[in-house]
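To begin, one chain is listed below as structure tokens, in the form predicted alone.
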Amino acid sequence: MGPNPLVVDVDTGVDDAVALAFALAKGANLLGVTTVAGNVPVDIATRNTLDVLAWLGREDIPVHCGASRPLVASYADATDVHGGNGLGGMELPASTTSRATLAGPAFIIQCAERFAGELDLVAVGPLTNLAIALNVRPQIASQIRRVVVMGGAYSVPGNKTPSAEFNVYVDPDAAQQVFNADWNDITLLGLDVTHRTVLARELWARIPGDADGAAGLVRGATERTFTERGKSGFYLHDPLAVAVALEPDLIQGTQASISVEVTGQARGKTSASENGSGPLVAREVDSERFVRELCQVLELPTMDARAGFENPE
């Protein structure tokens, strides 16, 4: 049997682009990609996704544009991190493919019904599309085999505010709905584990400047992180989510009930009450194995996977 059918929900900024490259390099059975307003407005996220897939030689994968704003909250982007174009200023050749006609949430519903009991879904942006799909068709919670979410900060500070991780902050109402739905299997990867997975400056600097394919994408899209932003490492938030969907044993966690603050100064704060039920919240990650595998499949230079950095985002 081949890999399970997969849908990836993105707000394509830099780490989303690397996540898509990783999924394809791993041979994921990617049915399509849905886009949402998050790191950048949804039209830019959609264009970036089309261009990234074209760069990687996979224009056959459909891209379904989704929600243009959060359910209730005011929209906030992350162009300070990802650059105005979302790809760190890297200019990819424009794809000749157009976005698919079916909207993102509708595509999720369609795939959940068509591949009931088999479909995996990875959400690496705000959870607006998934919440809309749940509201329209609640039974997708039992039809989707596994959901992996990059979102939240459960025992560590946030990266948008002192208490909130960006994806949950952007649409806390959607996150609350998704986290409390009765899924077959849902894993939450918060900053607790994603901040332990790093592409180090030393590794980036060894990627040839004229690299093409996935390595060239990593080199170009992350360049701003190491130059203009002066960071010594790039967090691999979204690639880790794809990796966990394909290899769940990369992480260990505990089941917990999740509460989300939806308004006020604590907007986006996620709290986990461990009680033996609810989503699996990742607590540990085999970061060395993951970074080593990412470098291997994306044909990046090899180096000590423990290499870290001193100036986090």
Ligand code: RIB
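The first residue of the shown sequence is 1; numbering continues from there. From a predicted model like this one, the values you see are computed outputs, not experimental measurements.
Quick note: we don't show the form predicted in complex with the ligand, though the next part is all about it.
Residues within 4.5 angstroms of the ligand in the predicted bound form, judged by any non-hydrogen atom, belong to 232 to 240 and to none of the other stretches in 232 to 240, 136 to 144, 179 to 187, 196 to 204. When the ligand is considered in the predicted bound form, only one residue from A153, V124, V218, A174 comes within 4.5 Å through any heavy atom, namely V124.
In the predicted bound form, the ligand sits within 4.5 Å of a heavy atom of F166. L87 falls outside the set of residues with a heavy atom inside 4.5 Å of the ligand in the predicted bound form. Using a 4.5 Å cutoff between non-hydrogen atoms, I108 does not count as a contact of the ligand in the predicted bound form. At a distance threshold of 4.5 angstroms between non-hydrogen atoms, T225 is out of contact with the ligand in the predicted bound form. No residue of the trio D192, A256 and S271 has any heavy atom within 4.5 Å of the ligand in the predicted bound form. Residues of 57 to 84 that come within 4.5 Å of the ligand in the predicted bound form, judged by any heavy atom, reduce to H82 alone.
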